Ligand SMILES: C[S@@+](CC[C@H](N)C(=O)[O-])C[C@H]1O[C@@H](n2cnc3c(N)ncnc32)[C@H](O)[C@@H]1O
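Only one chain is given next, in structure tokens, and it is the form predicted alone.
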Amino acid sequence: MKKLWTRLLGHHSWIRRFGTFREREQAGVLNRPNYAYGMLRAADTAKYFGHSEVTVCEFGVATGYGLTAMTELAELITAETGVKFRIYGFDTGAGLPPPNGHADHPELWNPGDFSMGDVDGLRKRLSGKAELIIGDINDTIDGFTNKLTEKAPLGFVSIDVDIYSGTVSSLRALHNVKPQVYLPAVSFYFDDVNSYFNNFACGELKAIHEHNAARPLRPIDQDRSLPGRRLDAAQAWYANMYVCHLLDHPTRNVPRKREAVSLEDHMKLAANL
């Protein structure tokens, strides 16, 4: 049956209909495959380092489709891994703020773009599944960062705020002095890094560049594991995936006490990490 099905309808069709969760994630057929990848990375990494919970967040919620997808993916990934999620979404609620010079891409964006609309309605839909934090990220981020815990370390972040100043504020999520409130490697998705107008003097790329210069022990680098052995080797979102490496994290400085790993076990682990 499988051979005939894939010949007539394609391999992706078979996986979408009959594949396991990880097969569907690998094939990129889940809703928001970039989020599915980043959140599964976070759950697998959390589990590997002994955590049963992990925190994920989205900066730039707009109408809420991405954050809603996060809550749906969280249920699937928890069923797969046993790791639970704490989900947060950040937005002004009123769209983009006025640009502050060329770094905020005024050639692309206007104040008020991507307004959320019905804030209360979205909050009700997300009730019990995700926390919506409304306000200028510059004003709300430190309260979030300071409350991160070792019990549920930060493991995945999506940044879709479009402008430099908003990205700078979002990256303050990495400024907690305790590295243990983060996974040793935190998956990131940056939405605005690969268009014709993107460059290291503007927008999200400028914010990443400045973060790396200021915090060399917490560099943000491209995710070098993609595409790996994935079925589609040229998905556009691969280039938007990054990793913040917590080089000041204890686990990246002192080997953990554990049994010796065989080569076979290492290969199995590498397939997921």
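Bear in mind that the values here come from a model prediction, so they are computed numbers and not experimental data. In this text, residue numbers run from 1 along the sequence as written.
What follows is about the form predicted in complex with this ligand, which we do not show.
With the partner omitted here, the residue from G135, P111, G82, G143 that has a non-hydrogen atom within 4.5 angstroms of this ligand in the model of the complex is G135. The three marked residues, E58, D162 and G166, each reach this ligand in the model of the complex, with a heavy atom inside 4.5 Å. Residue contact check for R32: one or more of its heavy atoms lie within 4.5 Å of this ligand in the model of the complex.
When contacts are judged by a 4.5 Å heavy atom cut-off, G66 counts as touching this ligand in the model of the complex. Contact annotation for A36: none of its heavy atoms lies within 4.5 Å of this ligand in the model of the complex. Within this chain, A62 lines the site of this ligand in the model of the complex, having a heavy atom no more than 4.5 Å away. Partner contacts here mean any heavy atom within 4.5 Å of this ligand in the model of the complex, and among 135 to 143, 72 to 80, 121 to 129, 148 to 156 they occur only in 135 to 143.
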